[in-house]
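Coming up is one lone chain in structure tokens, specifically the form predicted alone.
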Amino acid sequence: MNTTENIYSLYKCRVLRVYDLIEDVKLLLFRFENPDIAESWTCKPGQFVQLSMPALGEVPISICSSPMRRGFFELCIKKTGRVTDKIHELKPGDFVGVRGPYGNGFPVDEFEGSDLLLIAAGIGMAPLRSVFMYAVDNRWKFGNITVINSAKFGNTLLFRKELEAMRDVAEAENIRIIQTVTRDPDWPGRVGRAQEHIKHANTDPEKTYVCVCGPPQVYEDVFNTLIKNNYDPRKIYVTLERRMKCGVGKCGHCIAGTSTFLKYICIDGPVFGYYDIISTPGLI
């Protein structure tokens, strides 16, 4: 993580591209205006930034691009309130303030030499895309890779077109992309919840790291299915985005746990291991 004397210092960033993904969700590409910052700024898959809109406030957003691309980063932003509504009005050439990166990302160095299984439900593909793109950029460091991207309807599958476009090349690189929906009678592809397709992954459970992101109600079934299929719970990681506010552990908005065992999602996470998840009340 980059550090400055003032943890609230903002970097000036220019909007380069705005792309509509699904209803109320946009993908924005940003560039640092200061060339020194552009050269030195680094992040890990799973970390987040605080995106600031003048006179309105700021929101924590997971970085969804590969950290291998210096000077640029992408954010996937869902319209959920006053600040994000204004962010959705941004156009190429506009400027925003950014601070970070913050948080505890995925231990991608630990993943090297192993298979990867990424399981996303709903908008969960946003933070997992950073892990996926990093693995693609460093393909030789990892074994087989499977991405399971799920949603209720085909038109709510996040990054659907991007993943479809990658499919043929991905298969040649031992990357399996599974996109599935649960409530769309017109969907021509796979159907069912994400956990129902774990059996179709090309990963070896004994040597696989798993990254999961989705709404809270999916985790129990995903965990149970993974463990039933012999995936090591010590190698299961979850990224949480809910309830964060200041990003640096000052406001207390994202505290979970008990009076003697506290976790701050913004500084202890947003990436947590399986045993942290099941042992910390209120974390999900």
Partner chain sequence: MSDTMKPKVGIHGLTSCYGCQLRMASVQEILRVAQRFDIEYWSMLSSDGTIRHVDIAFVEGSVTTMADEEELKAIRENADVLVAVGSCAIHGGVQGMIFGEEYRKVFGEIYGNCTMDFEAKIAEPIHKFVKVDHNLPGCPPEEDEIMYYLATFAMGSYPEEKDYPVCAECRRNGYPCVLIERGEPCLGPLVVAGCGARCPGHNIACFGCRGPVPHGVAWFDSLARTFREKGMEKEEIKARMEIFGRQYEKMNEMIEKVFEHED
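Remember, predicted model here, so these are calculated numbers, not experimental data. Positions refer to the first chain, counted from 1.
Just so it is clear, the following notes concern the form predicted in complex with its partner chain, a form of the same protein that is not shown.
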Testing 23-31, 36-44, 66-74, 52-60 against its partner chain in the predicted bound form with a 4.5 Å heavy atom criterion leaves exactly one stretch, namely 52-60
Exactly one of Pro185, Gly93, Gly81, Gly113 comes within 4.5 Å of its partner chain in the predicted bound form through a heavy atom, and that residue is Gly81
From Lys152, Arg167, Lys86, Lys207: within 4.5 Å of its partner chain in the predicted bound form by heavy atoms is Lys86
